[in-house]
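Below sits a lone chain in structure tokens, taken as the form predicted on its own.
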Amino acid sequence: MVFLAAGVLLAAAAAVAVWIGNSRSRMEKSEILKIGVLIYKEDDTFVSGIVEEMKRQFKDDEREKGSRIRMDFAYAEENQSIQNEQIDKYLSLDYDVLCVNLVDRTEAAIVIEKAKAADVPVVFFNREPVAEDLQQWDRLYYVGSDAKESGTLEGLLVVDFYKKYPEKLDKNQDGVIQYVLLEGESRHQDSLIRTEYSVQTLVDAGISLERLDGGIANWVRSQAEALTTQWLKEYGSEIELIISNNDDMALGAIDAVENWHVKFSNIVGIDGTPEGLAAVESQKMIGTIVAGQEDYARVILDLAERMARREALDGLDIREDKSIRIPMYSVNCDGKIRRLEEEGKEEN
């Protein structure tokens, strides 16, 4: 009987030990913060740069702080339905926060409805939801650049270049700059705003313009090359300036110019990608607007982690519209840097 009682006690103790071990295991798993990052497509150069920077900073945090965070990425192939399914999957797997680069900004309400029902906060980035959608819930924010600022800085690049090298821009000396315009996606708010403010800044500076042509190249280098080749065939040396909504399309214009075997560098872009900056440095572009991908990544990760842990958002420059704007500056072919908040000033 003594041996039987001892056996029962040992079995009970073992069972308790297993239960405690399982409980500990569940507790450890629950302490791991899971971040789901959803991207509209895989081959967007600027967004890919943000993603790579997020991965780098994530690894640095792991080494330096021992952060218990898991971060996974999903790509939607420019299909909002696919992205919605990916969101459903992450929510069903109990992810703590979602970082969403929307396929279609007008469909944000669907994403918000899903996340709100699961009480999972969302950091939208780069592709901005409609303003009203961000006000639907207090656990939604947007991280991105100010499209008006980038368009204005792009226009100022051309204004400064014209003041310094009027003969290089107004090649036919008719007092009017003949230009073509490479635009991003029709549904992307940055494309519309960058176009408006880059051109308006030139007009406000008293520069006379004539738009020869324009077209949508969807941020894609190859599409921009095809459009520019078409314009070179049609207008040839009449083109004095190529304004591009981003660097990849500006690089496509450079490809077309080089294939056409003409000397032309009156091209401006936006994003400050490594290849775009290299083109500026090699005098193939007038300049570009830099929106730091490392800044994007740092703010997205910081905001996502704090929201998931329900921590205070002190120190984050959150605007009334629930956005955090990444500061930008221009870099021109003379190596000069310019920021709007330092209007009238230049620095090396």
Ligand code: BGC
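Computed from a predicted model, the values in this text were never measured in an experiment. Throughout, we count residues from 1 along the sequence that is shown.
The same protein also has a form predicted in complex with the ligand, omitted here; what follows describes it.
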Choose one stretch from 278-286, 300-308, 39-47, 316-324: the one whose residues place a heavy atom within 4.5 angstroms of the ligand in the predicted bound form.
39-47
Which of Tyr179, Trp219, Phe124, Tyr90 has a heavy atom within 4.5 Å of the ligand in the predicted bound form?
Trp219
Asn246 near the ligand in the predicted bound form, any heavy atom under 4.5 Å?
yes
Using heavy atoms and a 4.5 Å limit, would one call His188 a contact residue for the ligand in the predicted bound form?
yes
Please check if Glu183 has a heavy atom lying within 4.5 Å of any heavy atom of the ligand in the predicted bound form.
no
Along 192-215, which positions have a non-hydrogen atom within 4.5 Å of the ligand in the predicted bound form?
Arg194
